[in-house]
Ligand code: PEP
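Let's start with one chain on its own, the form predicted on its own, as structure tokens.
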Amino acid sequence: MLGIESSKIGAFSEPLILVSTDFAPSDFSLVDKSKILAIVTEKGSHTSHTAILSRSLGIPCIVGVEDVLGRISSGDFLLVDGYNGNVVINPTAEILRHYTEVESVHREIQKIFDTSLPFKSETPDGTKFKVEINISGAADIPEGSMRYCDGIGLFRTENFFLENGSFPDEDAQFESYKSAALASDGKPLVIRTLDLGGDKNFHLLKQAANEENPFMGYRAIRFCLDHKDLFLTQLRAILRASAFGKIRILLPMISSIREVERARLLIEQAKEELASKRADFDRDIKVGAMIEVPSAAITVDIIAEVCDFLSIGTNDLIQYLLAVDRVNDMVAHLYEPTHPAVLRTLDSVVSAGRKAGIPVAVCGELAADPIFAPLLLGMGVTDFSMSPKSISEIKFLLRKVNFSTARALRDEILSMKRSRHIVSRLRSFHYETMQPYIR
């Protein structure tokens, strides 16, 4: 009304560092992400959407920086150290020389990690595992990556909806899923059905727009089961794309066996509708559930009865178990993946999946954390799904750890009572494992 045009995140052509109070997922929908050098925000945590997106793109990102807008002005020269969480305004020549050396060291370490890529995903004592990538669309699949990773463990379909700002029709969705299936080069592709809600809202999701606590509200499978026409549209698109690759369907935010059963009935309905049109699709498509709600974790043995695989979403599972909003920087310090409750829950979920004879994946941030990966391996996790940038490091690490050693680590960690002791032990294990190769 005042005739003042607000700045838009996409309205830039030169590479730059983005600084803001926070960013919503929709803010990035029209941005040329190759132009983003780094991201700095006042709010958020290391598991907020901004941080997760940055990691997947290999963009340095620091969140939760107090009074960042008061200290930084447009045009400032910034140095963003994503490894240590430091932002330097107008750095001196000496500081720049130091960070040039740091960058050179990290490049050399990355070259060492990359040596693992051509080899099988297997521990020295013969235990097989899989390293897979998380994507939001076919464009996120690095060229040639299917030669060295074992598949796509998570296709986040909601980003496609956010980019469109609407509910895309069946053909548009089909083309998106088909592109990813073809790019996966015959390897498994896990497509997660619509997971809007929480910090991934947009204006058409009116029912959730004004919720006081959208993370525990009307989102994901709850929304889809209430909007069967929208859900069936997505399911038909996924099924049609399954004719072009090894696609699996993953259902998010499952809290009971009933939700899986209802979703599977709709999957069968979508199959019948496509069959009546003589469309090609995988009639035996695998269906799995995300375990990210405490009720699902506690009853995973029941839920596993109607699933072909399980995938643990550690980001949400941790926040629900600990009652810590993972995008709230005021309680970010309470978000402890090493809390004994978290580790015991992860272990029991994996154990239940193994007893049911179905594979268990981890697609949350813990899968890409080098101090956690050996512990997850020892628990029996078979599939590790992460950003493409993390593949080589995790594969290199797990190829150096005997399963028997990882199992012993798991037994030791589960007997410990305090998070700080657990963190210390995991870090020392990681150092002892990597020290012979990286000095």
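Note that the coordinates shown come from a computational prediction; the quantities given were computed from them, not determined experimentally. A residue's number is simply how far along the shown sequence it sits, counting from 1.
The form predicted in complex with this ligand is left out here; the points below concern that form.
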query	finding
Which of 376 to 384, 394 to 402, 31 to 39, 44 to 52 sits within 4.5 Å of this ligand in the model of the complex, heavy atom basis	44 to 52
The single option of Val360, Met290, Ala237, Ile247 touching this ligand in the model of the complex, heavy atom within 4.5 Å	Met290
Listed residue that, although this ligand is not shown, lies within 4.5 Å of it in the model of the complex (heavy atoms), from Asn315, Thr345, Thr338, Ser255	Asn315
All of Gly151, Lys187 and Lys286 with a heavy atom within 4.5 Å of this ligand in the model of the complex	no
Interface membership of Glu132, this ligand in the model of the complex, 4.5 Å heavy atom rule	no
Contact test in the model of the complex: Arg192 vs this ligand, heavy atoms, 4.5 Å	yes
Close approach of Gly364 to this ligand in the model of the complex, 4.5 Å, heavy atom	yes
